[in-house]
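Single chain ahead, by itself, as structure tokens, in the form predicted alone.
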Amino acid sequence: MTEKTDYIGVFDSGVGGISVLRELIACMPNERFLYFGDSANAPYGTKPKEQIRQLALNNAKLLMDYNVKAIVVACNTATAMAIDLLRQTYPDTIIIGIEPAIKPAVRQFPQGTLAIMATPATLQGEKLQRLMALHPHDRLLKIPAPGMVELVEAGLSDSAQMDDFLHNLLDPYVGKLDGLVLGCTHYPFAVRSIRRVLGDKTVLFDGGAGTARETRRRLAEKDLLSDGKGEVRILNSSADSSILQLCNTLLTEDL
């Protein structure tokens, strides 16, 4: 077997997983990260299950070709549809998937009104149903948001177009939600726009920080944490050079 490198591989359907990468870097600043965004095939959340599974396998293979020591699936849709398949395919590799932050939302508002906003594929997936069964809540609404990923991919996370999109989607919920779970890694980049629509009283929940902590725990368990100099390398399937520029902007901007 080829010896593992000290890279942690991270993949997403596009630029959204940069929100998870930010949390990983904050949690493990000494690690080297290899990020792959599949913007050429974004969005995943409106595609059939088998196509999502194949795209996830392709992404994992690309990262495994670099002999990464772990893979973080920084995409809720890919996690929902393919995490078990990825673990079966690479049983000797640490593979961590992100999941919507339903547990902390239910814990904070056990009697409140909550909603999860996500792609249609994530909302329909068995993994979310299992997660909701583990953390039952009488008032947990589902809000599908097809089209939102495309706006983030186009660099319009904080824009009039995003405001219009979110007004159409969220105006019926203004003043009615105690918490909103952001069930797609693209969505944290639209926080400013979400707040302009919903206001400041609705608490937003994102699973990125929990994913980073779990990644660190799993690496520590295998004595695979690095004490070297941190590094980030970003790859993308899109031929559009502006995508890499957007990734670097999203990696460093103040949210």
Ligand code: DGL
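Because the structure is a prediction, the values reported are computed rather than measured. Residue positions are given as counts along the sequence shown, with the first one as 1.
Not on display, but discussed next: the form predicted in complex with the named molecule.
Residue contact check for Tyr44: one or more of its heavy atoms lie within 4.5 Å of the named molecule in the predicted complex. Within this chain, Val149 lines the site of the named molecule in the predicted complex, having a heavy atom no more than 4.5 Å away.
By the criterion of a heavy atom within 4.5 Å, Met81 is excluded from the residues contacting the named molecule in the predicted complex. Using a 4.5 Å cutoff between non-hydrogen atoms, Ser157 does not count as a contact of the named molecule in the predicted complex.
Every member of the trio Ser13, Cys75 and Thr119 reaches the named molecule in the predicted complex with some non-hydrogen atom inside 4.5 Å. Comment: 180-188 is the region of 180-188, 135-143, 82-90, 166-174 lying near the named molecule in the predicted complex, near meaning a non-hydrogen atom within 4.5 Å.
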